[in-house]
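Okay, here we've got a single chain as structure tokens, the form predicted on its own, with questions on binding and movement later.
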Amino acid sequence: MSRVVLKEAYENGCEIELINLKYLQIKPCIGCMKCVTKLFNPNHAGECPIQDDMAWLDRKILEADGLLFVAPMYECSVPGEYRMMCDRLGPSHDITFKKFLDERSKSMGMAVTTDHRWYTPKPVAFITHGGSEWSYMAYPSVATPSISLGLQIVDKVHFDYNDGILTNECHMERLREMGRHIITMIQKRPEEREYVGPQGYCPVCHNDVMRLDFDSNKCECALCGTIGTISVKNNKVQVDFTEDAKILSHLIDGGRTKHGTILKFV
């Protein structure tokens, strides 16, 4: 499925690269807090002490104009290799935290060392698939890198019962369409990009997995944390989101800044 999308992009003039996490050495986060300590202590280097292929993967992400993440669902969500990558793309890669550190360095007369390519929003698409219908956490788990990296989600596809996907011409055409759409979004300015995948309840990340508040009629998006209000109209569940709630999504600076303020980082 990755190759179908990439082939379409290649045939439409893009330079492509396929990276398989199984062939990389990505070690798990050890919770040493060095990347977080830098937020409190401007004299702290904050470099991750783990020696593996993560720095190489960082360079590949920086060099890319657009991204595609693809993962199977083994036990309801992404496999371990993918999860370890997500954990390593946490506070150390959070672009809002990076901006905070840059501003603090400037105010102290210190050099700004952040590669500003991190601040260029990249369009991203996601493909998930499961061997059965037990894949409820597919999208919230695969799209996690969007939060810290500030990616712009432009498309997503999920297939249950993945046996036979590659021989289904409708599915293959949908993937080719994704390849064409990613190219189109790369060529647009960030404010002009649009999402074309299936609509979820959340209007920001298009997720349909919600965490319910048992003490009220509120719910929270399981991916980007946007808070909505649940109601039932004509026997259908409806979730409404205010504009104030949307700007606190974890996918944008407002939500990440609020998160940092709660944790006393910013």
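Just so you know, these numbers come straight off a predicted model, no measurement behind them. Numbers follow the displayed sequence, beginning with 1.
If you look for the form predicted in complex with a small molecule, you will not find it shown, but the lines that follow are about it.
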property	result
A125, I147, M73, M185 - the one with a heavy atom within 4.5 Å of the small molecule in the predicted complex	M73
is_contact(S132, the small molecule) in the predicted complex, heavy atom dist at most 4.5 Å	yes
The small molecule contact in the predicted complex: S141, any heavy atom under 4.5 Å	no
Distance check, Q152 to the small molecule in the predicted complex, heavy atom within 4.5 Å	no
Proximity of T96 to the small molecule in the predicted complex, heavy atoms at 4.5 Å	no
Region of this chain that lies against the small molecule in the predicted complex, out of 34-42, 206-214, 231-239, 65-73 [heavy atom, 4.5 Å]	65-73
